[in-house]
Structure formats: structure tokens, C-alpha cells
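A single chain comes next, written as C-alpha cells; it is the form predicted alone.
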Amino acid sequence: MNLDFYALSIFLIGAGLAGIFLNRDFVKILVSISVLESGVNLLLISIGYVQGRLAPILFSQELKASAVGKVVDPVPQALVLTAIVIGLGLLAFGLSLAIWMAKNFETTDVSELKRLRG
């Protein structure tokens, strides 16, 4: 079961990287970065998952003493949650930058912006 998630995450990472390198439109590059980020987050969650263990939030106070070896490590989940928040901020900043480029230069094509600069 974990191998399916590994394969999906590697596919998302590859699709995101291909989108970053093959697209010239800034908005499409931002979408590709978002797909890449989703793949990395899925990979981190897949690595942190252990079959047959509980989520750390699900067990009650009575089970705390006996649940030492029965819960999944919460650190990967916290890292992914932090990465989602940072990715959302990055995406919002990138979209505002794309709107600014479209208003001021009337294009979001990266190669066209390089030509306008030089």
C-alpha cells in the first residue's frame, strides 16, 4: 500500500519538475511548483506512516501510558502542515507577482520579460 503512495508522489514530483522546466508562462510555473510541493508533502507523509499504528491525536488519556510504541511519529505530519502553510503563502505571493507583471508588462511569459529587460 505504501508503494502506491511512493509511486504517486514520485509521479507528482516529476510532473512538477517537468512543468517548471518546460513552461514559459509564469502562472503555469506556479501551478507546477504547487504540484511539486504536493508530491513532496505526500512523500513525507508516506515515509512517516507505519502500518498498524494510531495517529497521535486519536488515543485517549487512559491509553497514554500503554501507547508508547503504538503511535505514529507526529513530526512528519507537523512538517507537512508547516510546508502547506508556507506553500500557500508562496503561491499567494507568486500570483500577486503575476498580476503585477500582467498589469505592468502585459505578459506573464518569462522569456518575453527577459527580452524586455535587455
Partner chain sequence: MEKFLVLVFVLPLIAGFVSYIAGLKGNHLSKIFTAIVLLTNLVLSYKIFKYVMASADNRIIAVFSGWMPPLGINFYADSIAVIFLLFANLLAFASLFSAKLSYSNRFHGLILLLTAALNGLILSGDIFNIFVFFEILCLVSFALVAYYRKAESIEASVKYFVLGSIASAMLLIGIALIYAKTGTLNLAQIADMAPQWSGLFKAVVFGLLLVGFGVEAGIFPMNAWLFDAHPAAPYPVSALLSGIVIEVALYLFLRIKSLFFVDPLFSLVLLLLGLVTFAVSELVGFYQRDVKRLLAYSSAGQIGLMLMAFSLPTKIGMFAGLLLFINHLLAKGLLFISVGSMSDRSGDRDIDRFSESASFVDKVAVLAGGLSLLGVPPSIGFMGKVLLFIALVKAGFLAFALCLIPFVVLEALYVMRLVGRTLASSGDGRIECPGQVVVQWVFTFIIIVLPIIVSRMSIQTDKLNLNGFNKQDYLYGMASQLLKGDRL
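All of these numbers come straight from a predicted model, not from anything done at the bench. Positions refer to the first chain, counted from 1.
One more form of this protein should be noted, the form predicted in complex with its partner chain, which is absent from this view; the next part is about it.
Under a 4.5 angstroms non-hydrogen atom cutoff, its partner chain in the model of the complex lacks Val71 among its neighbouring residues. Taking the partner from the other structure, its partner chain in the model of the complex has no heavy atom within 4.5 Å of any heavy atom of Leu22. Within this chain, Ala15 is remote from the site of its partner chain in the model of the complex, having no heavy atom within 4.5 Å. At a distance threshold of 4.5 angstroms between non-hydrogen atoms, Leu54 is out of contact with its partner chain in the model of the complex. Residues Pro76, Leu79, Thr82, Ala83, Ile86, Gly89, Leu90, Phe93, Gly94, Leu97, Trp100, Met101, Asn104, Phe105 are the ones in 76-111 with at least one heavy atom within 4.5 Å of its partner chain in the model of the complex, listed in sequence order.
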